[in-house]
Each structure stands twice: as structure tokens, then as C-alpha cells.
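Below sits a lone chain in C-alpha cells, taken as the form predicted on its own.
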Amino acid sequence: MAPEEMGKVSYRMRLVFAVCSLLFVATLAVSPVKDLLREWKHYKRGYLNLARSRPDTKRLIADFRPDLDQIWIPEMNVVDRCTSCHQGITQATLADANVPQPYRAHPPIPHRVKEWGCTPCHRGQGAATEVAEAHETTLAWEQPILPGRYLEGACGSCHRDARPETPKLNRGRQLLESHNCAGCHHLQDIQRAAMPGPDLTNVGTKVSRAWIYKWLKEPRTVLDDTGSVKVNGYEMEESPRMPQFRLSEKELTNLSAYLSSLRSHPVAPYKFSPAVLAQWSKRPDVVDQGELRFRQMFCSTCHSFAVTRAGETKMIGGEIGPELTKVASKVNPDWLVAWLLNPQAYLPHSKMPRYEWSEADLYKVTRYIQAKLTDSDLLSTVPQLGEPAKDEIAEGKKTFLEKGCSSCHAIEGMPPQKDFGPDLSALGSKNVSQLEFGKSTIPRNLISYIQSKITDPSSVNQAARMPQYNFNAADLDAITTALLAMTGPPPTSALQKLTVPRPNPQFRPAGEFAQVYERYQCADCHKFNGFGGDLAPDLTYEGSRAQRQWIDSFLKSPQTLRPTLIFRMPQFNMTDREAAILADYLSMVMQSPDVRPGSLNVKDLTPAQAALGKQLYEVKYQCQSCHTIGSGGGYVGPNLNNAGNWLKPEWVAAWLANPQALIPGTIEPQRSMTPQEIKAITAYLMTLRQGGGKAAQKKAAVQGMSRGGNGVAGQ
């Protein structure tokens, strides 16, 4: 090439250079344009436009930043950028439903959003900056945000205790416990019951083979198309603890043979004395007298049964014990008498109290049950089974083990099958890829998987041993929420500190009180220092509230203090010594630190103070709106006719000053009374006294029963 041509560039080269330059400039322009069009920046601009259109613009954009918002919680290993789009989440003026999402303010919650972010509660991918990546399942992130109706499941990851803000989660945990799911599965913070199901060691002495067959085939209360209860004499619950197993006819036959053969400890027939038989066996009204005694003892506090009124059959009574509508068609007569005499002799962990029956009462009540609580058609559809053969018994025992029945039921000499089902303690944190959907056509997500496993296990796994449950929609969602809350143990010590443990209250009395306490199963209905049931009043501070003599009298003859309540403390027929033991313990031990014993003496209260207190009670504070005195007043609070014999004056004064300090959550309003007013009303209430005596107490109890006013004794 000539020297003069070396500095020249050909046209083609120039064209190539120009095209490359344009491509390079276009490539460089893609990055800022792409950044400008990012979703989070689009929502940032949208928030600015919204803020500028409102009168409080200055306040809405006071802390606005055009770049990414990020919350970092190292203790939880959380990086949360959700507020980059949800800009108005903490602005109270944007709480109106007309404000478009994602700018609407979050409803008030105990946590500060600016400190906690969104993902600890809503889950999802907090580090994402696009809606799909943050909210949905992607190839890189398998845990989407929780749908709104399951949001309480996230609360349960840290809050293992029951909180008023999480009613659905609380309900789900209760259902998991009451249905004995821990009998087969390991569940986070849910302990396996000491006796998930009845001990079957001696079940052949209790029920017939025909009844066992019927129960295994249909262990539930039947509902018709409208949802109305069809009483079947088994158990009154929407979904009883005993689930529906998919059993073939052969399995039903073999299982009924095996279970009916279990008679390790035969029940000896009880021999009534000749005097009782001579007095009652030929009386035409023995059944009616038995029904009267049955009702006087308020068995319906724990047991439900069907009654027909105006042509309509409905269930009445409690759900602590099984339904009794057709119990006589279920149990053998000899077993029934032995059970009423001593339930713990058959089931050591039974909740049924051991009553002090008189022999005459025992005879009358059992005759009533056998005559009236029965149904001759109950077992009419059961095939003729006959005496069980050896091969049927052997096959039945094999089926019993294969179905995992010993996970819930004890049989003498048979070891329990613990963790029969898979471990569910970390189910809520599982990715979709960790779940086995089989050939199921359900949506591939954790919630669909959980609900399908509960309602139809075979739809997910044809070989599933899990029985089928029939929960209503609300309870199914509650159980799903509780399982979503089970995310396993905290992965770090820092996260462990954020976990609110589930309380484990203990109450272990000793001595003579413990014997009486256990005999009458007091904790099934009452709480003691946080331990026990919630059907009846908490007795933790009963010694500060009630006078010792009143407690003793009430235990021997319970009276209605709240006539409108459904349930009533049963008539246990306690001995004088048993009542005295309970009354002494409650009076001396169950004391409130906020009530100083003897701080107010009735002798120091004057008639003038009582007169002023009566005026304050009736006129200024109108306490009669909720409480009854004489024949007038409301029924929201307890009857105060006998307050002077019942309540301690120091308790009344402390209660009037601050009822919530003594019983948190009570509906009694705090009136901000002056000390003089408190003393005056206390003086008035201490003048309210009724005549006593066992005859009067018994009459009051019978009258309360006959009016249908079964109330729980309480504050």
C-alpha cells in the first residue's frame, strides 16, 4: 500500500464503525431505561402522585426517599424491601378503603412495621423488588406470601402462646389437641395426651360386638343435607375425636371380633341390698324418680342428650363427657353400675368424678338410664355376628396394629405405637418440592396439600393410613393455620430469643386436698393457678373472694349464682369431711396478693354507710342492670341476694376499686369510685343475707333445676 493511502479509512470501515457506535450507545441506554422502568420505581412515582393529590402532602412525603427502602433484621436473617412499594403502610391518613394498593396503610398491629418489615408476618421473598418474585412461588423461591385468612399462621412461628389477636390460630391448636393428632404425629408445642383414647383392655365387658361394629363403621354424629343434627347415640360433636377410617366389611368383622374378646378384668355384678330392692323394684314411678335425681345432680353439665320439644329434637347439655341419648343401647347394665360407682377403676385417667351415691339413688338412676336412654333400632342394621372365632380375633388384632389404633388406645400387654404418622413439627416451613402430591390434581401449594391430606388423604396418597375427617370450612382453615405455624425449632440462638414460649402451668396439690381434688376432677372445669379447664370460674383467688363457711355449704349443695348460664355445678353428694377439706384449702391457699386479709372489718361498717351504698348501687351506678337483688335486676353478673354470707368485704372493696386487676378480662366496668363510695357500697352488700340450712339449700337447687336455669357457680 502506498504511503499516501495508509491514513485513509475506507467507506465500509467507517460504516461499520458508525453502526458499532450506535449499537454501543443503545446498549448503554438500555441500563438506565431498564432501571427507570423497574416495578418498585413505578410504585414510588405512583405514591408521589397520590401524595401530591391529597391535602396532607407534606406529611406524606416527609420521609420519602426515591431509592430502595430496606429493613434488615439480622436476628431473623431477614432482608425486607417490601416498603419500597408499600410506601403508605405507616400513614394513618391512608387507612381508608378507597386508597389503592399498594399505598394503603396497614391496620394497627403490636409490631412497628418500620422495624419488623412485612415478611416476618406475611412471608414471601423480602429481598425481591418485583411483585411476582416477592409474592408468588418462583423457581428460586418456593414460599409465597400467606393468603389473608391464614395470616395468623405466621404469628404462631414466634408466638407459641395463645393470644387474643389470633383466635383462628388458637382454635386450630385446640382442634389438634382435642382430636388427638399428637397420638400419631409429632407436633410442635402440642403434647401427646396421657390417654388420647379410651383404654380398651376390658372393652368387651362394656359393650357388645354389635355396638363395636356400628361404632367403627360410623363413629360420628350424622348431619343431614341442611346441617341439622341427627342424633345417633354415639357422640355429640361436629367432628368427634374418633375419625372415620376406611374399613372394609372384613376388617369391620375382624376388628369387632378382636375388641369384643378383650375381657381381662370381668365386671362383677353389683348386688343391691334387699332393702333397696324391696323399696324400689316394684314401684311404678321408679323411672320417674330416677330421672328426677339424674336432673338434680346436673349430669347435663358434662353430658349432652337429645330432647324432643314441640316436635323438634335438639341436643342439650355439655360436651365434656360423651352423649348419653342412647347410652343404654351401648353399655352392659353391670358395667354401667360399676362405672357410676368408680369410673377410675375402669379408666384411671377418666374425667368423670367419683360421686358419693346412695344405694337408692344408684338404683333409681340406672333404672332411668336403662329405660329411657335407649333405642331398640340402634343396632338393627348390624349383621348377625355371633361369637368371635379365633381366626377373626387374630386378623382383627393384626388390623388393629396396621391401622395404628394403639397410638391412641391402650391395651394391656401391647406397647403403644408412638409417632405412627410423619413428623409435622416443621410442616409450615416446607417447600413445595418437598411435598409428595402423587397423582393428585390439586394445586401445587402447601395449603392445598394440607387440606387435602385432612379431608381426603387417599387423594394425595392411595396407600395413606390416615383416616378421613369431616371438618366444617372454618375449622379446616383453623387447623391449616395451626399447621402453617409449625416451622420447626429456631435456626439461630438470636431467633430463639424472639420466640414467645407456650405457658405450661402446673398445679400439683398434696395431702388430703389432693385426694378430694382428684376424686371430683375439679380441674376439668376450674382453673387453679392457670392450670385446668375454663367451663367454670377460676378458683385461683377463691380464698380471697368467698367466705369459708359459704364455700363449705356450696360444695355440699351447689346453688345457682348465674341463672341464665347453661351449665351448673353437679351435685356430688360430698361428705362433710370432704367439703371441709376443700373449703379449708381454698380459704387458706388460694389467695390473691392484691387483697389484704382482714383489711376491712364488717363491724366497722355503719348503717349510714349501708344506706348511702344502697343509693349509690341503685341510682348513681345502677348496678341492678347486671345484678339481681330480690326479685329485680339483671342476669349478666352473679346474683347478690346472699352477698353478705358469700363474699369477703375486703374482696368487694378491691373488686370495686379495680376488677380487672383481680380478674383480667372481666366484663365488670371500672367505675373510678372514691374510697368513700367503695366503702359505702361494700357496707350495703354485706347486709344482703339469706336464710341458710341444708333444707333451704336443697330446695333452691331443685327449684333452679326445675326452672331450667343451670348456672355455673362463680364470681
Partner chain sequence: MKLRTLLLLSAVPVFLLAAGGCRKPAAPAKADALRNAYDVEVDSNDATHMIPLSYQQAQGKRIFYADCVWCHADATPAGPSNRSNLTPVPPLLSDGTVLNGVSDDYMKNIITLGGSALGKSAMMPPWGRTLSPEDVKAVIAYVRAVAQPPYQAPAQAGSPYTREGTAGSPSK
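Residue numbers count along the first chain shown, from 1. Fair warning: this is a prediction, and the values are worked out from it, not measured in the lab. We call the rigid core whatever largest set of C-alpha positions still superposes within 1.5 Å between the two forms.
Another form exists, predicted together with its partner chain; not displayed. Remarks below refer to it.
Heavy atoms within 4.5 Å of its partner chain in the predicted complex are found in exactly one of 355-363, 409-417, 548-556, 102-110, that being 102-110. For the candidate set Leu277, Val432, Ala132, Cys158, a heavy atom within 4.5 Å of its partner chain in the predicted complex is found for exactly one residue, namely Ala132.
With the partner removed from view, the residue among Trp116, Phe437, Tyr270, Tyr635 that has a non-hydrogen atom within 4.5 Å of its partner chain in the predicted complex turns out to be Tyr635. Using a 4.5 Å cutoff between non-hydrogen atoms, Glu136 counts as a contact of its partner chain in the predicted complex. Not displayed here, its partner chain is kept clear of Asn49 by more than 4.5 Å at the level of heavy atoms in the predicted complex.
Interface residue remark: Gln462 is not counted as part of the site for its partner chain in the predicted complex, having no heavy atom within 4.5 Å.
Among residues of the shown chain, Met76 is not one whose heavy atoms approach its partner chain to within 4.5 Å in the predicted complex. Residues of 615-646 lying near its partner chain in the predicted complex, listed in sequence order, are Val619, Lys620, Tyr621, Gln622, Gln624, Ser625, Cys626, Gly633, Gly634, Tyr635, Val636, the criterion being any heavy atom within 4.5 Å. Leu187: CA moves less than 2 Å between this form and the one not shown after rigid-core fitting. After superposition on the rigid core, the Cα atom of Ala132 is displaced by 2 Å or more between this form and the one not shown. Relative to the superposed rigid core, the position of the CA of Asn49 differs between this form and the one not shown by 2 Å or more.
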